[in-house]
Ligand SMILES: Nc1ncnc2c1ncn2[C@@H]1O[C@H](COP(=O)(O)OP(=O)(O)OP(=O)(O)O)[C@@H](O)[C@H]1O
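Let's start with one chain on its own, the form predicted alone, as structure tokens.
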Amino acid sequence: MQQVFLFLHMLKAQSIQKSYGALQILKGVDLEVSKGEIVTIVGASGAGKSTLLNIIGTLDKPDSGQIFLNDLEVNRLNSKQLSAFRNTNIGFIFQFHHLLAEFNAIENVCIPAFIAGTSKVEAEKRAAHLLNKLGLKERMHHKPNQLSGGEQQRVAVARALINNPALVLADEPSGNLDSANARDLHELFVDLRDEFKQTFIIVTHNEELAGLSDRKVTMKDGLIVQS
């Protein structure tokens, strides 16, 4: 019997610690994010930003501490439950687009929906709507090597949104974009939050993006020093 989960409405990370060998990356991080909030995480390289994002997104496990998503303690899920929960509740946007070269834009966007069991008709309808919303109506059937960097990143954004996740995690999403495309992407996140009511947590070095968020969280040496 397939496990069914509600969409998450709030994130709470408590006392998150993580080490790799003798190197302690996170030293007891506490973070709460409300539904519909855009939070950026900033700080120098090595501060623990991406490690924290991976743990929040259930891609990695903390050594100690707890992660609650919509009051569900995700640490307690087994690997099969966790995969199902992640696919339907969390969207990921990375600096590198990770689009599959052999598939066109709409096919790339549909992949998480197919994994979730959505029919081909429904998945393609939702993907087409998102790509149209993101200004890619005329590029849906182009493969990644036929798209610009900015277009590829927007395809990746559509893929992250295809299952209507309540939480979207982005790790340096504008890191490989020029300033104009970066600005467009930053404003797009705000528009998407306003339309779809999703929550965004974004790791970035881009101060312009950080300035557009509802709240900026600063990390230093494995701890949040300003929130």
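Just so it is clear, the structure is predicted and the values come from calculations on it, not from any experiment. Throughout, we count residues from 1 along the sequence that is shown.
Not on display, but discussed next: the form predicted together with the named molecule.
Under a 4.5 angstroms non-hydrogen atom cutoff, the named molecule in the predicted complex lacks residue 57 among its neighbouring residues. In the predicted complex, the named molecule sits within 4.5 Å of a heavy atom belonging to residue 51. When the named molecule is considered in the predicted complex, residue 47 lines it closely, a heavy atom lying within 4.5 Å. Residue contact check for residue 25: one or more of its heavy atoms lie within 4.5 Å of the named molecule in the predicted complex. Residues of just one listed stretch (184 to 192, 61 to 69, 159 to 167, 38 to 46) have heavy atoms within 4.5 Å of the named molecule in the predicted complex: 38 to 46. Within 4.5 angstroms of the named molecule in the predicted complex, the stretch 200 to 223 places a non-hydrogen atom from 205 alone.
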